[in-house]
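Two forms, one chain: they're shown below as structure tokens, one block per form, named structure 1 and structure 2.
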Structure 1
Amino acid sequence: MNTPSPAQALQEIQRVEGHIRAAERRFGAICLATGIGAPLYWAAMLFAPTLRTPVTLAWMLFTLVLCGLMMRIGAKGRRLTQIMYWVAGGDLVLFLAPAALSFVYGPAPLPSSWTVPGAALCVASGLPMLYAAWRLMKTR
């Protein structure tokens, strides 16, 4: 193989950077799926207790598939490193908040006074992942 010219070298650098950005966008798509799925999961857990078992099984399968896809990506881009700890921390808190509510009320449906705060917690549970998706999938 010949030594590349400086212009070819710069082109190759851009080409490879494009592959890394594509890998980041794939990671972003997984975050988007999680950010959409989490509120739906908690809404079912808090407001439709009869669906808890099938929804829990579906959620476990969903997360397993997403974990498998995540491990296949093969590159951890800079933007992911920048936001990873904040997103993981936020996700831990906001994902577990509806879990605490679910734990307190057990299998019973939420009392009506908890409908709005419960719905807000469901929506909030997806926000960290939606933020990560936005950061990873935007062009620049």
Structure 2
Amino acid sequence: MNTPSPAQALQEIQRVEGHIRAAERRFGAICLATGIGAPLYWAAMLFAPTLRTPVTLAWMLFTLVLCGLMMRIGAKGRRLTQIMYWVAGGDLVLFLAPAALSFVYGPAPLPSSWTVPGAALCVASGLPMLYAAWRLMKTR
């Protein structure tokens, strides 16, 4: 069995680290797309009820495409796992908050008294993914 030289071992470590960093950046781009898309989706759902069907269909297609891209990433490092563990919980809560508001008011648009809180919930729905994108896409 051949033992690699220290230079070969270092080269292999750098190759693997580069592969993991590239995977983190790709996943960060997916998080960025989701962080931008979620507020747009909820704004349409809450403030433009006539667009609910096409927006829902577009969101479903968007989600399927992003899931397919996530499946192809392959490598994941400890940093990606740690970031996504916490971001997933926050995203679940903040993404479902506008859903609760939509459920309460049904198919009607939000009353004008809910414009500012509704817009704030729409923006908040994308914040966890935007945070993950920022953390994953910045250089170390």
Partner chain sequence: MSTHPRHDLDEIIHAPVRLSIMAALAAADRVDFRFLKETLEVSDSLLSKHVLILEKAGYVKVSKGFVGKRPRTSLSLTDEGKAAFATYTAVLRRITGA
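All residue numbers here follow the sequence of structure 1, with the first residue given the number 1. The term rigid core refers to the maximal set of C-alpha atoms that superpose within 1.5 Å between the two forms. Just so it is clear, the structure is predicted and the values come from calculations on it, not from any experiment.
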- Between structures 1 and 2, the form predicted together with its partner chain corresponds to structure 1
- Task: Please say whether, between structure 1 and structure 2, the C-alpha of Ala120 moves by 2 Å or more once the core is aligned.
- Result: no
- After the core is matched up, is the C-alpha of Ala9 off by 2 Å or more between structure 1 and structure 2? yes
